[in-house]
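Considered here are two forms of the same protein chain, supplied as structure tokens in two stand-alone entries, structure 1 and structure 2.
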Structure 1
């Protein structure tokens, strides 16, 4: 019932908008950007969100999907708070979009910096990023069970788990893992996912929960080994990555007896207070981006979960994800005091 009401309300809003246009005598063309679009990345250059933003930018330019130029701007200060506040403050500005990662939820919860996804307009989910449990290839652990058993045997705080930042997704997964298995890792925070994987390849830490794209180069180079993926089903990509394995050969953590699931949002938001036509322009733009071969190749290389939601579905997903993060972080004691 409520959806019908929502649809009706939206339909009438649309017709009022159309009416307004008709009255003003303007051409009934869809809205288009009239100046440079700023694409904000609330993370440092070289990270997963940055790579994805630059790919989108590259595809938009290559296929000339937009008349106005687009520029990628990194605003990584305060675990992304700098970028989110910048977009929040640009209320009503249709020339700014932002790509999010889990710090959309974790940063305000952990630091108390005043922003919430409800300050923004959800545009479209691009994909969901997976997390994989990795160990160094020289270690004897072939499965997640073996590794967890070894961690238990070593005793609390003996094995080192590396991750990006503090009180963010990597540490949340680590805490969930500990709770599930009754182990205790020493969590070592680093600045970025690439650095974490290099540290693992250099044996400075014992394991990591890197995204596929952060670990794939070292996996192919025979330096690290994936143990399990934190999702309810296996990855769908069947092409061989190493000589013997493809992404789909990695078991889920649940199969391995570690029932932990976590997916990270890679989605696009706009400032609050923009019109539906303005939002729809970007929805269409991103749909075109997702249809290109470059995007598909990127998805496959990074073994992404290609769920892409828009509209209310997307909004509901985000609301649910926020609640999940609230619960997880409350349990872990990560909430700002």
Structure 2
């Protein structure tokens, strides 16, 4: 089975003082925050969404891109439902924003919680995040085919695949992997990608499908090993992470005989009922963030697909991605009854 989320992505050093002047330049905006902005993360600490939110917050503070303070708040309960319902209930409040991952779609589809992305206001797609099949570096597996063969030899449910949450991206990919390869893992859910990578480095699970940013430190430290990336093409980043490998050296899973693709949204939304002027403030704010060297370094460190969308392009992408996730989850048997 070949999934198609990846295809959606195809549709589309200054000094601190000098950079701050550049990004703050231009005409005054019609609206600006008048109190603290709450930046909600519908996931646990240490994962990809949390890291990205805290980077955005740090850049905003460093370059003084906003007069009011910003505070990052994790609301991970119910596979992110806590965070989504919190922002949904804040209709009309322009002082709350939320960073989304694919649980924007998977959580309501899997749980029936009364939330849909249309309850929110799309602001900006910041990037698309990759998924990589990781194993512990002390294992003998050098390729995805070698690992899949070992899983088959071990027998059903003998090997543990760790992931973030249940019936979310990581488990969807795991189910697709099983159907494509004829394997059967015991899926072990954790609260966030940081915990997943820690468990893999500690040999408490056999593999994971974590994002690059969640695995890079332990990869550089020689504790985990990437086997393949779930995209139709290799990553573009060529700087060495270890002595012998860069991101671009990791084969695609399809190259490795595993025909599964998946890309995840990293995007920003506001509550419903806000004005165009309020939304546009954050569109411009995030554009300034993406222009900084810190953001560009983060994109390379985490091997992100740097697709960025706003307006109708972003809204249309989200609508298509929702349908793709609905199809994937139906096939996996994950839809709420």
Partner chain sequence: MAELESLFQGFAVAISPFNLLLMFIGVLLGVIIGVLPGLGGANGVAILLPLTFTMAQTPGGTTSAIILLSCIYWGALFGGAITSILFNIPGEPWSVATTFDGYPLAQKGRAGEALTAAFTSSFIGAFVAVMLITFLAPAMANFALQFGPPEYFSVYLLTFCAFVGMSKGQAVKTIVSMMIGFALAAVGLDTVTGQLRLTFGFTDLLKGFDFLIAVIGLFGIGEILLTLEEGLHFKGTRAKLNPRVVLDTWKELPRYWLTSLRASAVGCFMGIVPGGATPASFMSYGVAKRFSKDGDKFGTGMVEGVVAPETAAHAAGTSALLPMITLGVPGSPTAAVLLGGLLIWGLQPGPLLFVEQKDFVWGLIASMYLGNIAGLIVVLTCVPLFAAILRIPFSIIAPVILVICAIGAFTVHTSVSDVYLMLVFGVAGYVMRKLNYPLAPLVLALVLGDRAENSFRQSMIMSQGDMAILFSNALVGGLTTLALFLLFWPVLASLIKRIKGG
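Numbering follows the first chain given and starts at 1. Under this definition, the rigid core comprises the largest set of C-alpha atoms superposing within 1.5 Å between the forms. As the structure is a computational prediction, the values presented were derived from the model and not from experiment.
Q: Where's the form predicted together with its partner chain, in 1 or in 2?
A: The chain shown as structure 1 is the form predicted together with its partner chain.
Q: Would the C-alpha of residue 78 be classed as shifted by 2 Å or more between structures 1 and 2 after rigid-core alignment?
A: No, the C-alpha moves less than 2 Å.
Q: Please check if residue 93 moves between structures 1 and 2, taking a CA shift of 2 Å or more relative to the superposed core as movement.
A: For residue 93, whose C-alpha is compared between structures 1 and 2 after core superposition, the shift is less than 2 Å.
Q: Taking the rigid core as the reference frame, tell me whether residue 151 has a CA displacement of 2 angstroms or more between structures 1 and 2.
A: Shift of 2 Å or more: yes.
Q: Enter the rigid core superposed C-alpha shift of residue 136 between structures 1 and 2, rounded to one decimal in Å.
A: So the C-alpha of this residue moves 2.7 Å.
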